[in-house]
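Below, in structure tokens: the form predicted on its own, a single chain.
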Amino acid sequence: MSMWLEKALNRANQVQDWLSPVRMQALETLKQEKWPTRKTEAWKYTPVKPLERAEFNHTAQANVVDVESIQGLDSIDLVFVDGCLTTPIHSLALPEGLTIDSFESASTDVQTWVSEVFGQIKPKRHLFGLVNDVLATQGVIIDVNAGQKIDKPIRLIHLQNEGNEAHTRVLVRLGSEAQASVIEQFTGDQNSFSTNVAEFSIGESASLEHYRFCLQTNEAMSVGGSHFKLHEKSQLNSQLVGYGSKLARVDVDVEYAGENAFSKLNAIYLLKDKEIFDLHSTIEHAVPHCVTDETVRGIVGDHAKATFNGRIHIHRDAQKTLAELSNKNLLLARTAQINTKPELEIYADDVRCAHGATVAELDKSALYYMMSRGISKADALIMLNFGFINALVDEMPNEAVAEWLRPILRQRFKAMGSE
């Protein structure tokens, strides 16, 4: 066991709140888990050695900070600084049918519901998910009443500073026929560590528009995930954008708990220098007549390393399933690495499934053609890179979010090397 995890377990014993009974169950499970090594399949290409002996401040008292708004987006913003919720929830003007509580302000009824689902949507196989279970004392609970359409996106902004450790939790419940949009945004480039876990319960015929922007870079270390449970006729449209850092891992899990549900999952990762980014997705088709459309594209330069493991599991009773998984990658340098493993595990016989992965280098002839027309190499690289992922940006359902993201991605491309 690592020194960091041992200290985390000791801290977990000191956490006392209304979630303590649930935390103790997770703690007992966590004590049985082994620290990941190169021989651990799920962590084969992503070393956690930088975290083994790391020491961080876990009692940060964060101050309120101003957060840049997204032009054209009228959102409900909730800000976490070093894991501390700095937004006074009671002062938010919330639309009818939407309730937002912090862990501290949750009513008895809300506490009862959260205690029942806390850690149940997220699979127990995630080591750092269990860490989050036992250490996440800061979090928010978002509840959308049945039949309500919330037009304003709910934006969760996580800022991480030097030397601090943070563990936050988000729980979202959409009632039947409800509609909502949730944006998870993470930034920070200094030496720090965070686990940020979100669990979503999407009710019958409900619809969730979801974004996760993992924009931490350089020395930041983060391990977290977004986990979804879909009920009958529900819909999920999830968009993920990830940068690499000293350690960056995201787990995405989708469980189909009702028939005729649909999920669209798009993901983009962009890496440079010696950054690491690891994306694991698992789709559990446990019931019939559900559809998954998953598209992942990555661009990796310099000495960076990307890992993608996408698994679609079709259970025996999940007849009439339609599932497609595509992972395409672009190498900007021969020194960059991409490890991709798309998986289909099928136990039903009446399904339509497909999966595939490609790794290619930048088209030198296209680059030469553009430069011969007077376009600088830097601009040509940006145009070619953006063209590779632009289809996924265009598919983002919120145009204001897509417009905000495009210049951020172009700036990222300028910093990415190519041989």
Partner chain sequence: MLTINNLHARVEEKTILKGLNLEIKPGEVHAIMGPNGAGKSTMGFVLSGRDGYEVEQGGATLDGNDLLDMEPEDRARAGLFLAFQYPVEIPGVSNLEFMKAAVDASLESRGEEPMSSAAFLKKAKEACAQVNLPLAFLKRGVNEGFSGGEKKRNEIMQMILMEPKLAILDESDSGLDIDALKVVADGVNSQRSADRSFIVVTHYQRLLDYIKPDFVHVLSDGKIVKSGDASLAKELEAEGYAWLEGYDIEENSEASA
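Bear in mind the structure is a predicted one, so any value in this text is a computation, not a measurement. Positions refer to the first chain, counted from 1.
The following text describes the form predicted in complex with its partner chain, which does not appear among the structures shown.
Partner proximity in the predicted complex, defined as non-hydrogen atoms within 4.5 angstroms of its partner chain, places exactly one of 354 to 362, 40 to 48, 53 to 61, 383 to 391 at the interface: 383 to 391. With the partner omitted here, the residue from V67, L27, I70, I375 that has a non-hydrogen atom within 4.5 angstroms of its partner chain in the predicted complex is I375. Taking a 4.5 Å heavy atom cutoff to its partner chain in the predicted complex, the contacting residues in 354 to 370 are D363, S365, A366, Y368, Y369, M370.
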